[in-house]
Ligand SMILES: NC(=O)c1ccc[n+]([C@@H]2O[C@H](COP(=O)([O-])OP(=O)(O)OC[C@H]3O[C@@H](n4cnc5c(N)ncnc54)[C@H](O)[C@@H]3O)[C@@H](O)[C@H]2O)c1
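As structure tokens, one chain now follows by itself in the form predicted on its own.
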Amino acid sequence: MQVEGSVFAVTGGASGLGLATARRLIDGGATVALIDLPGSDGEAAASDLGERALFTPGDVTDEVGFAAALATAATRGPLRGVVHCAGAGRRLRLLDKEGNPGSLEDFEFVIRLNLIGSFNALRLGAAEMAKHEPVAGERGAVVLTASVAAYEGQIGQIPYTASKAGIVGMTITAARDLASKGIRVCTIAPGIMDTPLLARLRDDVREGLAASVPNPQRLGTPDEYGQLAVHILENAYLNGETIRLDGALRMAPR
């Protein structure tokens, strides 16, 4: 797929992985719709990125609102790709210190945001892309975001692990399902990335996390995620694959 001159939507586009991806796409000549919550910094981010960026508020768990945000993106031209970065986690133990069962409400929140949000990105993004004629044999691509926690979830990550493992599991099935429409699907599974959320940690904690990465022995950068996301969009033979972006990290139990 040619990035230059194409239109893409990036969820979670106001910050972190999403913003870095949007910047990479715009540097490559694309027009990008930043989809993020109404209370986010999306308007300021779009302004900073320039005239080929627009902010369209939307919640990935809200079918009507998210579909409207994608439709707004398509007013700039045929939508050729969705990079889905929106997501979150909550720490949850199966049993607390007193032996009480963990919160079903917290588990459901993470599953809804991460897994159902990804399902919406797939089906609603594909529906928008399927409206347009293929270019060089393809209509578009969806890039989802999982995590190394899908494979080595740590203690306290049970909802996050379940949601991200679900995304990994959907990837090949979605790619096969959408093949007849000329739409590819891949997933990136990041390791420990230096996002604004991680910036809240103490310096010694951040240094310990960086030291746990075999090579390069540092935190990953949002720009490295964006670089990979753009490559997936551009490389027409990448399909149905989950790619770990983690410096060979394998997470310890805690």
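Heads up: residue numbers just count along the shown sequence, starting at 1. If you're wondering where the values come from, they're calculated on a predicted model, not measured in any experiment.
The same protein has a further form, the form predicted together with this ligand, not shown here; the description that follows concerns it.
Asn120 falls outside the set of residues with a heavy atom inside 4.5 Å of this ligand in the predicted bound form.
Though the partner is left out of this view, Ala86 does reach within 4.5 Å of this ligand in the predicted bound form, counting heavy atoms only.
This ligand in the predicted bound form is not approached by Glu224, whose heavy atoms all lie more than 4.5 angstroms from it. When this ligand is considered in the predicted bound form, Val185 lies well away from it, no heavy atom lying within 4.5 Å.
Only one of 138-146, 68-76, 95-103, 125-133 lies within 4.5 Å of this ligand in the predicted bound form by heavy atoms, and it is 138-146.
Taking Gly29, Pro214, Gly208, Pro196 one by one, only a single residue has any non-hydrogen atom within 4.5 Å of this ligand in the predicted bound form, and it is Pro196.
At a distance of at most 4.5 angstroms from this ligand in the predicted bound form, none of the three residues Phe8, Ile111 and Met170 contributes a non-hydrogen atom. Shown here without this ligand, the chain has Tyr160, Lys164 in 155-188 lying with a heavy atom within 4.5 Å of that partner in the predicted bound form.
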